[in-house]
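Heads up, what comes next is one protein chain in two forms, each shown on its own as C-alpha cells, labelled structure 1 and structure 2.
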Structure 1
C-alpha cells in the first residue's frame, strides 16, 4: 500500500508540471487574465492552439530553434570524437596517474559556469578562433562542459566490455583500429547513446555560454531567445507554448538514439 502511494506521488509530481504547461499553452485570454474577478479555471474556457500557430510562423523562433539544433548536434559530435578515443585509451592502456587525470577532468564541473564564461568567451573572440562561426564557438564551449562526463561514461562502458573480444579479433588478424571501430564501438553504442543524450540535453538547455558568445549577433539559441521574450512580459500561455515546443526536439532525439542503443546490444559481437 505504501509503495503504491509513493509511486502515485512520484507520477503526480512528474505529470502535474507538464499538465500545467499544456493547460496554459492552450488557454484563451479570459482563462489567464481574470482581473481578480474569478480564480483561474482548472481547464481553459475555450482551449485553442493559437499560441502554437503564432510561434510556428515566427521567423525568429524558428531560426533560434535551428541554431539550438545545430549547436546541440555539433556538441554531440565533438564530444564523441574527442571523448570516445580518450576513454578507450584510458581503459585499455596503462597510463600513469589515470585516477588523478579523471579527477581533474570531473573537477572542472565543480566550478560554476559563470566563473569560466568570461575567460572562455574572451579567448573565443581572439584570433584565430574569432574566425569560426558563432554556432561553432558555442558548440566548442558546450563541449568543454560536457566532455568530462562523456569521457567518464564512455570509460565505464569500455571497462564493461571483455578485453578478450579485442584480443581474439587481433589474433584473427584484425588491427587495433579495426577492433576499436568495428567490434568495440558497436558494443559500446548503448553507453555512448546515453552519453549522447546527456550531451545534447546539456547543450539544449545551456544558457550562460550561449548568451555571452551570441549576445552581439542576431542568431540565438532557444534559452537566450526565451530571455529576450521575457523582457516584454508576455502572457503565460505564450511562455508555456514556447516551453512545450522546446521539449519536442529533446524527446525526438532521445527516442531516436534509444533505437541505436538497442541495436548496439548485439552488434559487433560476431566476426
Structure 2
C-alpha cells in the first residue's frame, strides 16, 4: 500500500514537469501574463497551437534545427566509420593489451567536458582546423564524446554474434574484409542502429562543446539557439514550444533503444 502511494508520487513528480512544459507551449497570452491578479492556470484558458505554427516558419529556428540535424548525422557517420571496425577487431582478434586499450578508450571521458572543451576549442580555432566549416568542427568534437560509447555498444553487439559464421565463410575462401562486410555487418545492423541512435541523441542534446565552438559564429545548434533565446527573457509559451520540439526526437528514440541505453549509461562504470 505504502509502495503504491510512493510509486504514484514518483510518477507524478516525473510527469508533472513534462506536463507543465506541454501546458506552457499551448498556452494563450492570458494564461501566462497574469499580472498577479489570478494564479497561473494548470490548463490554459484558450489552448492553441499558434506558437508551433509561428515557430515552424521562423527562419532562425529552422536554421538551427538543420544545423543540429547535420551535426548529428555527421557525428553518427564519423562514429560508425571509426568505431565499428575497432569494436570488431577488439572482439574478434586477440590483440595484446586489450584491457589497456579499452581503458584508454574511456580516458578522454575522464576529463570533465567543461575542462576538455577549452583545449579542444583552442585547437579548433587554430589553422588548419579553423578552415573547416563550424558544423564539421562541432561534429568532430561530438565524435570525440560519443566514440567510446559507440565502441562499447558495438562491441556488445559483435560479442552476441557467433564467431563460427565468419570462420565458415573464411573456410570457403572469403577474405577478412569480405566476411566482415558481407556476413557480419548485416547481422549486426539492428544493434549498430542502436549505437547510431545513441550517438545521434548525444550529439542532439550536447550543449557545452557546441556552445564553445559556435560562440562567435552565426550557426547554432538547437540547444545553443535555446540558450541564446533564454537571454532575451522571452515569453513562456515561446520558450516552452522550442523546448518541446527539441525533446520530441529524443523521447521517441530513447524508448526505441532503451535496451541498449543501459550499456551506454553504465559503460563509464568500469572507469
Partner chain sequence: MPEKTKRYSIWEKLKDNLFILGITVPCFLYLFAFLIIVLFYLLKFSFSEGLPIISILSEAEFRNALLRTFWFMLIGTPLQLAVGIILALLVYESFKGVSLTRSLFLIPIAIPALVTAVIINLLFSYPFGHMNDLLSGKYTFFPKILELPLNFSGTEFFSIGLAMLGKVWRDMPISMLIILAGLQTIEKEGYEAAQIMGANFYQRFKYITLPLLTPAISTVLILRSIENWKEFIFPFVLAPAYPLLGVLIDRLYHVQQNPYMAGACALWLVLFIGATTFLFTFLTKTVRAYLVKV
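These numbers come from a predicted model, not from an experiment. Just so we're on the same page, rigid core means the largest C-alpha set that superposes within 1.5 Å between forms. Numbering follows the first chain given and starts at 1.
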property	result
Form predicted on its own - which displayed structure it is	1
Large Cα move at residue 108 between structures 1 and 2, threshold 2 Å, rigid core	yes
Angstrom shift of the Cα atom of residue 10 between structures 1 and 2 (superposition on rigid core)	6.7
